[in-house]
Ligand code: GLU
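Below you'll find only one chain, the form predicted on its own, shown as structure tokens.
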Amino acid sequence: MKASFSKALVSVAAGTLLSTSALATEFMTIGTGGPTGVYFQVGNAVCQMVHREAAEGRSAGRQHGYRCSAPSTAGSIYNIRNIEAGELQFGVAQSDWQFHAVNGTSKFDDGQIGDLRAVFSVHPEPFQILAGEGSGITSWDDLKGKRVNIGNPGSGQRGTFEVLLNANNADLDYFGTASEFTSSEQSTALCNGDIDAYGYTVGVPNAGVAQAADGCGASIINLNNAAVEKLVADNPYYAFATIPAGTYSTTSADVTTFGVKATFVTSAKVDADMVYEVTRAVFENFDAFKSLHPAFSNLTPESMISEGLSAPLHEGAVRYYKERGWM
């Protein structure tokens, strides 16, 4: 009797080990941006779709075994660098920084990131300069000598400000002071009178921009001077963008600026099955994904697998797109 009971215990233990092994959990991390920005929403929306698909512990779904987190990070350049280092499996990045990473230009002139891979693009991201009420700032020229927040190192907005300064044959001395508040701090700084303006590359609408525009009368200025026209003409990852009248309480007329696409990227070193399951989770739950933020409302699969992508598509993503007949 004792021998039979012992054999039964061994059998149960072995079965438990096999079951645990079959459903081994693998974690992935998505680099995003500031907690008030749309990148943070993108990363967490993707994670929601991954967890929505997971069948472990439920009767239906995919037994892929993946779990996901999307913490706030410093933004585009940080995400790409940390994907390269293997600290992140995925990240959200502006299309211009994806281009520069692949080509070894601008902030990546220390070397190309040959393993960078695209998965899909997401929403358009106009570069928006918010000017404080009463600051007298209505154009780029008015920023001269003002207190301007250029963003934290590693962020896309910081990089774009530096591109704009170079395009206008200026450097940081063009501003009276250049502060480095993060995207989650800059609206409060503007409303408190600590700065006169800040720049932000972000999808529309955005809670941080609304805090400044609707909360303390800040307005978005037009960015369509000759320097910006040349930037758009010379660089395929830039395009003119319109922020419609009525988007915020101070947007009384359409605002013309320029922008990029938010893109979702990974590394060739990330397992193809993981990338496949992430891609599948988003597009098999596409309506649910689009409902998670207003910036996603006009997304289409066609645009997401073709626009703003300078890096080669990851083989895991390609597998899914071919299954759907999209490639």
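Given the structure is predicted, the values throughout are model-derived calculations rather than measurements. We number the residues from 1 along the sequence you see.
One more form of this protein should be noted, the form predicted together with glutamic acid (GLU), which is absent from this view; the next part is about it.
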Please check if V202 has a heavy atom lying within 4.5 Å of any heavy atom of glutamic acid (GLU) in the model of the complex.
-> yes
Contact test in the model of the complex: G37 vs glutamic acid (GLU), heavy atoms, 4.5 Å | yes
Distance check, I195 to glutamic acid (GLU) in the model of the complex, heavy atom within 4.5 Å = no
Interface membership of A213, glutamic acid (GLU) in the model of the complex, 4.5 Å heavy atom rule | no
Taking 4.5 Å between heavy atoms as the contact cutoff, choose which of Q98, N149, Q157, S187 touches glutamic acid (GLU) in the model of the complex.
-> Q157
Just one of A74, L231, L116, I221 has a heavy atom within 4.5 angstroms of glutamic acid (GLU) in the model of the complex, so which one?
-> A74
So which stretch, 44 to 52, 28 to 36, 296 to 304, 267 to 275, is the one near glutamic acid (GLU) in the model of the complex (non-hydrogen atoms, 4.5 Å)?
-> 28 to 36
Scan 90 to 118 and note down the residues that get a heavy atom within 4.5 Å of glutamic acid (GLU) in the model of the complex; none is a fine answer too.
-> Q94
